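Take a look at this single chain in structure tokens; it is the form predicted on its own.
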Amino acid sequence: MIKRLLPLLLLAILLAPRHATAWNNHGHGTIAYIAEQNLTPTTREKCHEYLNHTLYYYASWLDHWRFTEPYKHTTRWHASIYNEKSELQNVPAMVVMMTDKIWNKMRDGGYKSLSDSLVTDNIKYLIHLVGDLHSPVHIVFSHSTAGKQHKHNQAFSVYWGKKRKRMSFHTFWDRASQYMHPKWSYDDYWRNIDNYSKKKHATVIEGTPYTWGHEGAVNMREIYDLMPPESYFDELPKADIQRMREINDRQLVVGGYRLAHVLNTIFDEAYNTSKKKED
């Protein structure tokens, strides 16, 4: 019984109010901003019609509204749990599952069968959930395997800044988009990292939320080696800091590309036709 409850307890801890802003506003906003630049004109018009605003305006909307009565059902949507073998754990209403479910309901014109208010909410959900799906610390690993504690549990502190501010490892990576490039705005991120070739771009948008989540479960373990417990960011080896920047930048731009792809497949028939021809 305890083994079955462990993933649920872990998810509850992760999604408590103190962790209400994965990627924080800046990180989520950066992903949404990059996505906005990669929407087709048809998709951009549709999104703005339903939202009456930009994508990045609503980037952290779900974090702020998920504790209100109408949206309490979304509380457990923000993370996915994997074991040490990178196998997805069967916990209801995870970010992988819900992103995939909403996308499949809406894509290829499926949104036309839904009410306008539900379409609007679903766009807001996708903007945020695709961001969470690419947050390094919202790919969560069970605290132990066969009773053995392991390092991928986020239950430790690190330090950042001139005043050596102490914070959880999770909080550090929530704020990574600001810590890695302190002076960059959304637009700076876009101009500096939205530079994938057409071929590379096509490769990263392949797959589903399930394959994207598994990719994170395999690759994001590296961040635990780069920043061990009680380490101070400014004193880490320069090569390790650079690698952390590369991981941060990669997750943001790929998240932006995939969010744009998801929305384009929902609202633009010509986009879908061109993708089918490419396949």
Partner chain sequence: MNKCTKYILVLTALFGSVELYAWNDRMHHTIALIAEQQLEPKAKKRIEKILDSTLKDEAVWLNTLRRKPETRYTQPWHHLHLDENMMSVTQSKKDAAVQVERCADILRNRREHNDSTVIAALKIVVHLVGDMHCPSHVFFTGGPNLSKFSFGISNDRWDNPATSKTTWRAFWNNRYSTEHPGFTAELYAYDLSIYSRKHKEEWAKGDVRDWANDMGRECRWLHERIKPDSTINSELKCRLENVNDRCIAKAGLRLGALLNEVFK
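In this text the structure is predicted, and so the values were computed from the model without any measurement. Positions refer to the first chain, counted from 1.
The discussion below concerns the form predicted together with the partner chain, not included here.
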{"property": "Candidate site His26, His53 and His64: all three near the partner chain in the predicted bound form by heavy atom within 4.5 Å", "result": "yes"}
{"property": "Close approach of Phe172 to the partner chain in the predicted bound form, 4.5 Å, heavy atom", "result": "no"}
{"property": "Any non-hydrogen atom of Trp212 within 4.5 angstroms of the partner chain in the predicted bound form", "result": "no"}
{"property": "4.5 Å heavy atom contact, Pro41 and the partner chain in the predicted bound form", "result": "no"}
{"property": "Heavy atom of Asn153 within 4.5 Å of the partner chain in the predicted bound form", "result": "no"}
{"property": "Answer range among 212 to 220, 233 to 241, 248 to 256, 54 to 62 for contact with the partner chain, defined in the predicted bound form as heavy atoms within 4.5 Å", "result": "54 to 62"}
{"property": "Heavy atom contacts to the partner chain in the predicted bound form at 4.5 Å, residues of 236 to 260 in sequence order", "result": "none"}
